[in-house]
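First, one chain by itself: the form predicted on its own, in structure tokens.
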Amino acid sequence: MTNLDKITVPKIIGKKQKSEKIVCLTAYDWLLARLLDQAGVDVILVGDSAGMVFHGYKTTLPVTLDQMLDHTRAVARGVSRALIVSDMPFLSYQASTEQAIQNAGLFLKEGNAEAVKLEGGEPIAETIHRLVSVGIPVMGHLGLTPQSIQKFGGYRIRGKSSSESEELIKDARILEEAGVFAIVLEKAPADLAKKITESISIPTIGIGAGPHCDGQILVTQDILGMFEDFRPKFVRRYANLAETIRDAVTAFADDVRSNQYPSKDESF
């Protein structure tokens, strides 16, 4: 692939206009990001889901700004084509607009990200507008927003009631007006996601939000079968690497203990 194939924010917006589905996955390190990029993924999200599948936290809330910057720098070194979007972690943008601008700027200036993602609707619309106005592309995130998990009391579907549904539709339009170039819709009913997708001109990217979104995103460790603590209904596994890795390591351990490794051919 050449630089002519480089995915940019305008190209992501253009995919909706051309009815081309957008492919997104997560990465937190150089090696996996490189593989995703070589496979042709459009957007690589350096997600704060790293807190759960990389650091072993129970939620995304403990993830720090420094951790996310480290992950972003590593991912950026492995990517030449995909658009790199970084999650802004909990409390890195909520306190003030000035805080949000400074921290978001670090992702572009030091992390080599090309956009940031913020969770929430109307309450953060002005912050998003300011970020976009100073040249920082922003992806929105509505529906189940994991940084608000204590408020929701669990990872339940959002938008099932008429009041929540109307609020999400309203928030999507507000985020579009604020300047986001795309919106992640997480764990929302498929018919609601369809309605939102058809009501805005920017792409929607679903995760547990049905087939009508303009694109789809999943946690890479989920589709590869590496993360086994729980398996959401919306995850389709394309491999079972946890079992493959355990089997390979067990075989290596057996060979070492039985003096079958290294062989003569594997020695100097």
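Since we're looking at a predicted model, the values are computed, not measured. Position 1 is the first residue in the sequence shown; the rest follow in order.
There is also a form predicted in complex with 3-methyl-2-oxobutanoic acid; it is not shown, and the following applies to it.
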Exercise for the section: Give a yes/no on whether V43 approaches 3-methyl-2-oxobutanoic acid to within 4.5 Å in the predicted bound form, heavy atoms considered. Expected result: no
Handout entry: Partner contact for I207 in the predicted bound form: 3-methyl-2-oxobutanoic acid, 4.5 angstroms, heavy atom
Key = yes
Handout entry: Proximity of S49 to 3-methyl-2-oxobutanoic acid in the predicted bound form, heavy atoms at 4.5 Å
Key = yes
Exercise for the section: Would you please decide whether I84 lies within 4.5 angstroms of 3-methyl-2-oxobutanoic acid in the predicted bound form, comparing each non-hydrogen atom pair? Expected result: no
Exercise for the section: Assess the spot marked by T26, K117 and H141: is 3-methyl-2-oxobutanoic acid within 4.5 Å of a heavy atom from every one of these residues in the predicted bound form? Expected result: yes
Handout entry: Single option in V184, I124, A100, A172 placed near 3-methyl-2-oxobutanoic acid in the predicted bound form, where near means a heavy atom within 4.5 Å
Key = V184
Practice task
Find the only residue in M226, I202, V219, L32 having a heavy atom within 4.5 Å of 3-methyl-2-oxobutanoic acid in the predicted bound form.
Solution key: V219
